[in-house]
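Both blocks below hold the same protein chain, though in two forms, and each is given as structure tokens: structure 1 and structure 2.
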Structure 1
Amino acid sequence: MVAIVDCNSFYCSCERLFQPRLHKRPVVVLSNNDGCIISRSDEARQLGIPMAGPYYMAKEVIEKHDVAVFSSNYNLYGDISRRVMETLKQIVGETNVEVYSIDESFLHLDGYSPKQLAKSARQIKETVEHWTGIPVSVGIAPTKVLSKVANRLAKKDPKKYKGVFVLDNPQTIDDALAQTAVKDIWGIGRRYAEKLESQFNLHTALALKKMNETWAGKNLGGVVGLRLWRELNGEPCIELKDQLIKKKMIACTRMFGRPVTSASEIREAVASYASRAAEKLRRQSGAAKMMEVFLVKNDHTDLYTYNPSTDALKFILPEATSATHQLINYALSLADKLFNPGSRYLKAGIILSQLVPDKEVQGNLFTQKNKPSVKLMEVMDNINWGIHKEAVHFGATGLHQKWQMKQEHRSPRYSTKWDELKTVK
């Protein structure tokens, strides 16, 4: 059996964790630059505040009902997510946990007694909530797709299921699929759902399940769609992923808090993103052979005209590396070539690709491997991870970073910044 543990309104729950006064109050969390609503509590959803809708369009409702508003606090959310995932690993074993996203994990429960699944699910839920303070929902079923169906229903009707739903027999599975619209099936996109409804008159997951295998292979997008159909029919086809699989590409990009016109600020931003990408690369013990830098600009002076364009350059590194200072040097060289005086830049980013294990870096005949760089990065990472992320950084990333994205409603980084720890009186 497979379980999925999903944190309820995760970003909002993280904010409530350190501010209990918000427990019953509607809460929303905004995207980068406070643009759109990316998380909302049940209370906010019941007010009709749309998910992914622009903040300014919901502002009247938010102010009328005293909704608490927060900017994204990724330092806090990332740390709380780590605590939730570590808790799950302690409960079921590290090899039985697949972290799917910042707020979801699949669990392998084949060793659990079928008769004890519901009780075990409740214990998992209670332990996570007691140890971390984050409310979760648990769905259990024979396959990943079915477990997502179970989890969705557990969240949809918390009074009935109390946050836990187990699909452990054919009749229960069919009843759950009958309550699930095609558009709500994990892996079926909105446009594809519209096609299934309009062309084939398929409106529920149960109706899709009852189609035959030949039809599924022909009309659900080939092999991937066929796997989804088989999973709906109780046949596991989407295995738990190898925990050692690494990312094939690492990107770091952010919108600026305001249009940027100076070369110095572009250089600071690109250097900062290169530094963050390098840290991510070292966490998976990798090195990059290719780098891409891009700048997004909008040169229209009319405030109501939004027609951005993107300039980008790629560069093959002489030797694969994860050293921050080396990647910053290459990134700044590309940024200087891309920068156009007089342009208004909205965003910058860096992408590292052609990744290889850092122990298998092929040397360059014309360069000498810089062993001191490896030691320097180890020391730098140990200091930053032990204190906080920005304790030691390269001067090229800037001191004030006035180009940073807007976060007018950000809460303190309670668990990752010494000077922002919660004070108890």
Structure 2
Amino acid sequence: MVAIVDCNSFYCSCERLFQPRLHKRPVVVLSNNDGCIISRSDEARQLGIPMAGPYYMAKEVIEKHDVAVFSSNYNLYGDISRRVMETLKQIVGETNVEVYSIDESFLHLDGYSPKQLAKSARQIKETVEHWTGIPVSVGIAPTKVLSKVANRLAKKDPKKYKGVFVLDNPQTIDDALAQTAVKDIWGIGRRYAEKLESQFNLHTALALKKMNETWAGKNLGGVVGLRLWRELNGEPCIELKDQLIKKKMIACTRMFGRPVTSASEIREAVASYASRAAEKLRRQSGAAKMMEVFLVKNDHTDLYTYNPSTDALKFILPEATSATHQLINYALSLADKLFNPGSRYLKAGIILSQLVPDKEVQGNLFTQKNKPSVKLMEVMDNINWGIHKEAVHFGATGLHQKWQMKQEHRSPRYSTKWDELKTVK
């Protein structure tokens, strides 16, 4: 059996952890640049504030009901997430935990009897809440897709399920599937949901389960759909992933706080993103062979038209590297080629791919080995990952960074910065 443990309104719960007076008060957390709402507490949801909707459109309701608003604070969420996942590892053993996202993990629960399962699930929930202060919901079923169905229902009706739901026999499974709309199945997005409803008149997960295998392979996107259909039918096909698998691409992209028109600011931003991406790369001991830089602009003279377009360039590096100064140099030359004076830029980004382990970097006959840079990067990373983020950085990333995104409502980084620690009077 497999369990999915999902933190309830994770970002909002993190904010509440350090501000208990927000308990019961509606809370929302905004995306980068304070653009959209990416987490809502139950109270905020009940006010009808939509998930992933633009902040400015919900502003009226937010002000009217005195909703607490936060810019996203990933230092805080990342740290709390780590604590939650550590707790799960302690309970069921490290090798049985697959961290799926910042707020969810799959747990491998083999060898429990049905009775034990429900009890263990409750225990997992209580321990996490007790140790970390973050409320979670647990769904347990024979497959990942079904565990997500269970979890969703557990969350939807807290009075009935108290945050824990186990699907352990054919009848409960079918009942649960009958209560689940196709659009709420994990793996069915907007596109397929529309297709299933309008073209095939399928509305519930149960109806989808009852279709036959050939049909599923043909109409749900080939092997992906087939796996999904099998999982709905109780056959596990989506494996628990090995913890140690490294990322295959690393991206750093951001909206600007305001439209940017000057080449120098574009260069600063691209250099900063390259520098961030290089850090992420070194953290997984990787080196990148391919780089893509893109700029997003909105050149419409009509101010009310939001219709951005993207210009991008790819580049194969002569030799795979993770050295910040090299990556910055390549990124800047791509940015210079892309930049068009007179355009209004909204966003820039860099994507590193074709990642290889840095130990296996193939030498290139035509480039010089640059050994001292490795030492330099180690020193920089040690300083920056220590007490002060960004204590040491490259000049190209700029000093003032006026293009930086807006974060008008960010809470203090309580758990990761010494000077922002919570104080008790």
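Numbering for residues begins at 1 and runs along the sequence of structure 1. Under this definition, the rigid core comprises the largest set of C-alpha atoms superposing within 1.5 Å between the forms. Note that the coordinates shown come from a computational prediction; the quantities given were computed from them, not determined experimentally.
Q: Which structure would you label as the form predicted alone, 1 or 2?
A: Form predicted alone: structure 1.
Q: Using a rigid core alignment, state whether the CA of residue 263 is displaced by 2 Å or more between structure 1 and structure 2.
A: The answer is yes, as the C-alpha of residue 263 shifts between structure 1 and structure 2 by 2 Å or more after core alignment.
Q: So, does residue 120 move by 2 Å or more at the CA between structure 1 and structure 2, with the core held fixed?
A: No: residue 120 shifts by under 2 Å between structure 1 and structure 2.
Q: Rigid core superposed, CA of residue 63 - does it shift 2 Å or more between structure 1 and structure 2?
A: Moves: no, less than 2 Å.
Q: What Cα shift, in Å, does residue 347 show between structure 1 and structure 2 once the core is superposed?
A: Displacement of the C-alpha, rigid core superposed: 2.7 Å.
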